[in-house]
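Read the single chain below, which is given as structure tokens and is the form predicted alone.
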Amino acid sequence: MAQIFHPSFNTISKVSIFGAIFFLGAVIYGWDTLLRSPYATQVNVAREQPVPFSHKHHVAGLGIDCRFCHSTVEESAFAGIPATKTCMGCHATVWKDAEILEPVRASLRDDRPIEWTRVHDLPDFAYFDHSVHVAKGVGCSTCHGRVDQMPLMWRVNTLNMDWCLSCHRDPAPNLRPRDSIFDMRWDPDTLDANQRAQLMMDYHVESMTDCSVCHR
């Protein structure tokens, strides 16, 4: 029987198979890179807000404690967003006629909450409790970064599962004394390994990587 395909087809088929494998690998690598890029994670990307609120001005400049605005961070899963009345407690007299603050005044006048854009927004299938982390010695800046240096708010961490698990596997490096939880300038290098181990014992912290911890 005469040969149907030219012998060169053997080479072409081999090249095609290996080419498809390399192409598939390149696609997977590209997709993974995209998912970890600032485009997808929003890391270091300042989010536009209805009012350009500056944490740098309010925290570093005025010395306002995190809990003044995020009043439920120590007692509930949600850290809380300040009511307009909280803002107007100062801005009824400070910059009271500034055009940039008109959305705040309108919110109070119309009794309608300001629709802030959430910067740290976890998927609905992931459960996170602020109060638990605060009680266990995890400081605000560990997850949110140095917000006292942010004119506008942005993420400094991906909030991806592998990032969360890196802490859940080894919590000790991320613990601090409770009186330093809200201190933006606290340096983790002030503690040695023995002190971190002591905090693990004092706060009853364990390595928790079971799926049900976050996915309930």
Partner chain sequence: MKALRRLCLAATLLAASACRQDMHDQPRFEALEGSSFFADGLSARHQVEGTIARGELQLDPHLATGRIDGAFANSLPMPLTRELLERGRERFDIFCSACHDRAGYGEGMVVRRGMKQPPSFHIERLQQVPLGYFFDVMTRGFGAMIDVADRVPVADRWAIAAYVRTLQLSQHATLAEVAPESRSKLEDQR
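Residue numbers count along the first chain shown, from 1. Computed from a prediction, not measured in an experiment: that's the story for all the values here.
There is also a form predicted together with its partner chain; it is not shown, and the following applies to it.
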> Considering its partner chain in the predicted bound form, which of 132, 81, 106, 100 comes within 4.5 Å of it through any heavy atom?
Replying inline: 81
> From the list 38, 61, 52, 173, which entry has a heavy atom within 4.5 Å of its partner chain in the predicted bound form?
Replying inline: 61
> Thinking of 16, 23 and 45 as the candidate spot, does its partner chain come within 4.5 Å of a heavy atom on all of them in the predicted bound form?
Replying inline: no
> residue 71 near its partner chain in the predicted bound form, any heavy atom under 4.5 Å?
Replying inline: yes
>> Under a 4.5 Å heavy atom criterion, is residue 86 part of the interface with its partner chain in the predicted bound form?
In response: yes
> Does at least one non-hydrogen atom of residue 67 fall within 4.5 angstroms of its partner chain in the predicted bound form?
Replying inline: yes
> Along 105-124, which positions have a non-hydrogen atom within 4.5 Å of its partner chain in the predicted bound form?
Replying inline: 112, 113, 118, 121, 122, 123, 124
